[in-house]
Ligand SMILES: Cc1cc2nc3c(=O)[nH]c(=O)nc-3n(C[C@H](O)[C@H](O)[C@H](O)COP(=O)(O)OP(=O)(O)OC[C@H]3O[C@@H](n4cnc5c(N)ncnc54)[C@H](O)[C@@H]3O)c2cc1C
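Encoded as structure tokens, the following chain is the form predicted on its own, with no partner shown.
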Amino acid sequence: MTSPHSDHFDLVIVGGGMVGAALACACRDLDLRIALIDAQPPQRDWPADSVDQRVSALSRASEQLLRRLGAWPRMQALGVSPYREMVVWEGLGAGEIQFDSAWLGEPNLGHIVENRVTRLALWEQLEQAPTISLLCPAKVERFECGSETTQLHLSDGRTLSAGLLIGADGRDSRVRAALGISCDLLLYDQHAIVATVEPEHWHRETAWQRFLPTGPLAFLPLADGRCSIVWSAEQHRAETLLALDDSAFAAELETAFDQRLGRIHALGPRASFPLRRSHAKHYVSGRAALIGDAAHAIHPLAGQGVNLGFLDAAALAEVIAHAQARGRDPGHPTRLRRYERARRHDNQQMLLVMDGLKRLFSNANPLLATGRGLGLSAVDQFPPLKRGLIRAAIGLSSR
């Protein structure tokens, strides 16, 4: 932990996960004193053959940001898994669509990366930055939000003041609650089951997803030939699956996945978490702003959650740098609203699209199933639309 010289900071970020750490990295070369607060330090080492249950599908836009921040080479050394193709098919019909990076002249469509890898690489960058104080482990007990500064009272007795406060503390954000910002919240009747599996056949560096009536099932390719699965299922179905022994669960998984990769030879520990959609009604209040899951939570069916968060961090860092370069106060509400205008509409559109897809595909109606299959097949036969869809999905259309 870097010891601060005083208790006042120009910028305090609460939440040192991937998105909060990315924002701190993006602001490290500005003439600002920055504090990053988190309750847990990053995991520093792990067994060579282990895989974090939490992985993310990082888009090309996220890769570009992480390269600019200097974290990508370390992430490559720790392990990233490119996926070059994507296959999506309908669970109740014959519809299928395929995407290939070669159509775009790109080396890949993105990378599957363990969350612990991304976070550690970003923290190692922060530990080299003299302008950043890493307050970890630390927890904020209460906030006092004023017109000029925010006071943060930590559990160890320290008190900090911030000219600009950022909430990057996840979907149950205490910063958001302290600011009195409410959310549009929808609880899905689904849980996501995550695990690492070893299939019989090589995954071909392809991201696979089947839409089932009870929720989508994704197989995400890992560098050693294994796959990380994300199986979203209605709550009662998820509870039943979690209660099965490994052999029975593997059999259910093979059936649900049409045995596209053959039998499941090995299965790692399983975990699950409830799914929901939430969107803060405001991203900015006074001299504070929300980014990442503190501002929006999304269904994982397209793997866009952390990518949206990285775009938030990039947009907010740009607003802060713009103000700083002109000698203006980066925490002034007028300037923070530029960030909100830049991100809230785009995030809202993505949340609504993912919600619509969830409702459309998590449905056993035979007429809808037929329509879905025909729709997937029609898009698959229309290359210009396919290229536009995949460019948007992997972030090549984002500034």
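None of the values given here were measured: they were computed from a predicted structure. Just count from 1 along the sequence shown to find any residue number.
Although not depicted, the form predicted in complex with the named molecule is the subject of the following passage.
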Requested in this report: Would you kindly say which of T206, Q125, Q304, T196 lies with a heavy atom within 4.5 Å of the named molecule in the predicted bound form?
Outcome: Q304
Query raised in the report: Can you say which of 347-355, 31-39, 44-52, 327-335 gets within 4.5 Å of the named molecule in the predicted bound form, counting heavy atoms only?
Result: 31-39
Requested in this report: Indicate whether A57 is a 4.5 Å heavy atom neighbour of the named molecule in the predicted bound form.
Outcome: yes
**Report entry** 4.5 angstroms heavy atom contact with the named molecule in the predicted bound form for N115
**Finding:** yes
Requested in this report: Tell me, yes or no, whether C25 is in contact with the named molecule in the predicted bound form, where a contact means a heavy atom of each within 4.5 Å.
Outcome: no
Query - Touches the named molecule in the predicted bound form: L261 (any heavy atom, 4.5 Å) - result: no
Query raised in the report: Quick one: which residues from 127-163 get a non-hydrogen atom within 4.5 Å of the named molecule in the predicted bound form?
Result: A138, K139, V140
